[in-house]
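Here you get one chain, nothing else, as structure tokens; it is the form predicted alone.
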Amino acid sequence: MNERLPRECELLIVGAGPAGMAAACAAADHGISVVVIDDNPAPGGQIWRGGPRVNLPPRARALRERFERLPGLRLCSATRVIDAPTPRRLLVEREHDAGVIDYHRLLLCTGARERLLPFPGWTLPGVTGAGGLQALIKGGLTVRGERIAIAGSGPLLLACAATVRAQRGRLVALAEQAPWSELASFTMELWRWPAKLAQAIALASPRYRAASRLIEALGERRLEAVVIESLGERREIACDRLACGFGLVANTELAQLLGCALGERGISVDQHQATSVAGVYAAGECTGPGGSELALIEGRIAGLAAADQYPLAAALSRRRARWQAFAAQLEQHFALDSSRLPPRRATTLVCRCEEVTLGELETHSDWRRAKLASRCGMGACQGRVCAAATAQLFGWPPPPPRPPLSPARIDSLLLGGMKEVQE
């Protein structure tokens, strides 16, 4: 039987990735009672996700071990937030129960998700995100001997390729859309972060091709081949899987529901990682994707600030600035170039849940009109995939979230006193 959900705490942290674990350790060290809720079965987030095929780095193992032994910490795994019914209160749900948790301070470490862009054939079985394929492999998927193509932009492509090679998959294409000039500029800056330079060298692959564009995925019932354009030449490459990476999108739905202001890349925070809402902090990828090093530092600063340890938090500001500079380099050199995105077709599905095509959306001027006319974004994912896609394709601002944040049971919603349910 599951342990009962806590009813209150001094610091409630949403997310048990690197930022959430670092924050919990920093706050608990100063006597704060901490509750961490996470929708995964174990702490670590997406980057340090456990599984039968996972060999976590020493730093991740050390932090997880410390986190799991913290006195005064309560971890609620497989628990998701579905609403914020009143100030300083969250409604959460698990498989068999739900509850309301009152908090004095709240820290959002909600991470980021992959940006999936539609292109011809992207809904074929065998096509996933680059991070999604890594998660499947960590979860036990066998790719030994399979022909795998990887395309898109950013270092995640190289990390995915390394995972494939480690599991004896056959890498048949590794297509990066950024030109060689951008890659060279980025590499020239890596001396400022020696560990990242060493990592880049370790992940290098002879299959890596810059200035390459994914055109389409081909197949009848599942993926059979991809078409990739490089230096003006299009090649059809037979493969069993295609992993795409078009960058990350910060998870800001809960922050928006609480009324937190957003910046260009995620939740807006000050030097103490405090949001625009009193008592609410944010750290890690939800404030702007930047990697695990930045998430760890931001998490520690946020945990210390939530425990009123401001001088200790301020002492970490230079380290945070160093990794923020690295994140800025990534954003600059791996920015998506619209001229190198997969070509559009009117028949390509954008909203998989409601089967809405690109052609249906092109007749509208903004997300709201498109949603009302086509049901785009009204399916199971609640627009988490197609809203980010339309933001990239049409420049439509992402829609504000409405409770519940994810599909929930009626008895769970009644605990939060949702007006719509009561009526």
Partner chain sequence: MIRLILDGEALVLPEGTSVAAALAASGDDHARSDLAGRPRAPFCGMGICQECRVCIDGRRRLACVTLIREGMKVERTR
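Positions refer to the first chain, counted from 1. These numbers come from a predicted model, not from an experiment.
Separately, the form predicted in complex with its partner chain exists; it is not shown, and the next lines address it.
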Since the chain is shown here on its own, which stretch among 280 to 288, 345 to 353, 168 to 176, 196 to 204 would lie within 4.5 Å of its partner chain in the predicted bound form, judged by heavy atoms?
-> 345 to 353
Out of 99, 247, 132, 120, which one falls within 4.5 Å of its partner chain in the predicted bound form, going by heavy atoms?
-> 132
Heavy atom within 4.5 Å of its partner chain in the predicted bound form - residue from 324, 309, 256, 128 | 128
Can you check whether residue 364 is within 4.5 Å of its partner chain in the predicted bound form, heavy atom basis?
-> no
Wondering, does residue 95 line up within 4.5 Å of its partner chain in the predicted bound form on heavy atoms?
-> yes
Would residue 381 sit within 4.5 Å of its partner chain in the predicted bound form, counting heavy atoms only?
-> yes
How about residue 83: is it within 4.5 Å of its partner chain in the predicted bound form, going by heavy atoms?
-> no
All three of 6, 29 and 108 touching its partner chain in the predicted bound form at 4.5 Å, heavy atom to heavy atom?
-> no
May I ask you to list the residues of 135 to 167 that have any heavy atom within 4.5 angstroms of its partner chain in the predicted bound form, in sequence order?
-> 135, 136, 139, 140, 141
